[in-house]
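Shown next as structure tokens: one chain only, the form predicted on its own.
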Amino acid sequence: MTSLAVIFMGQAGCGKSHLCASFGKWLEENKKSFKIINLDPGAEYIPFNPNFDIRKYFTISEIMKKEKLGPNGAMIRANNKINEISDEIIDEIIGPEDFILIDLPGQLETFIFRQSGANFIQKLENKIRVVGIYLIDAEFLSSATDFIIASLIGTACSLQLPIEVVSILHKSDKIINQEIIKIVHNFDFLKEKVIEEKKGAMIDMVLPILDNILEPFARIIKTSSVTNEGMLELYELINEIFCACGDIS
């Protein structure tokens, strides 16, 4: 098969790095070859041994010191630098492996929502198949409004990027409000909860278009790097995007 790049994206602390590690382990156990790529120059610790590590080129700390920037400015500069050497990076990470798992920087807004990040992904997509996995952090979902906001950010990623982006509910072992599962899978219940929560303009703005916004989430899967829940389902979800025959092996 042709290599498939899986880009893990989401807000800071949502569990991207640990999911990369867990999914990589699952792929290994199921006889699939893979690479793991770290594109986060600000990471102090990552739970896997990367086959490619952007930190060999530069780190956020180095940029802050050298260019006298704060952490946010340094992250923006780092993402511009990734774009500047994107051809070199892409040539290095593409290989014969079945999967290339890419861990993006935690600051989603500085990579995905700036042209430099979109340019990098476009160049990668020109070379191999690419899918984006947007992680909704279940640990911090306490209401229907929380879920809608997280879903809208996932939708924004789909609009910004030239690839298919699908959302998953990660850290399923951390779900505190058990109504969240029903909220995620039952549109009518979701609407009831949004009205009940009375979050101002949210009702008037979102309710009329809620079905269209959340239709892609009708089959959202749950994953956990702690319990390993959902690894097969994640594999099958990626499979469905790229192969109508139902098998990417």
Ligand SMILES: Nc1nc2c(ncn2[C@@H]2O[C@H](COP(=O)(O)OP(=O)(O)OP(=O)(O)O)[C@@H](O)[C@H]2O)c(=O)[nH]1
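None of the values given here were measured: they were computed from a predicted structure. Residue indices: 1-based, along the sequence shown.
This next part talks about the form predicted in complex with this ligand, which is not shown.
> Only one of Lys174, Arg114, Lys127, Lys81 gets a heavy atom within 4.5 Å of this ligand in the predicted complex. Which one?
By the 4.5 Å heavy-atom cutoff, the listed residue in contact is Lys174.
> Taking Asp40, Gly106 and His170 as a possible spot, do all three reach this ligand in the predicted complex with a heavy atom inside 4.5 Å?
All three within 4.5 Å in the predicted complex.
> If you check in the predicted complex, is Leu234 within 4.5 Å of this ligand, heavy atoms only?
No.
> Is there a non-hydrogen atom of Ile238 within 4.5 angstroms of a non-hydrogen atom of this ligand in the predicted complex?
Taking the distances in the predicted complex, the answer for Ile238 is no, it never comes within 4.5 Å of this ligand.
> If we define contact as a non-hydrogen atom of the residue within 4.5 angstroms of the partner, is Gly24 a contact of this ligand in the predicted complex?
Heavy-atom contact with this ligand at 4.5 Å: absent for Gly24.
> Decide whether Gly15 counts as a contact residue for this ligand in the predicted complex under a heavy atom distance cut-off of 4.5 Å.
Contact check for Gly15: yes, within 4.5 Å of this ligand in the predicted complex.
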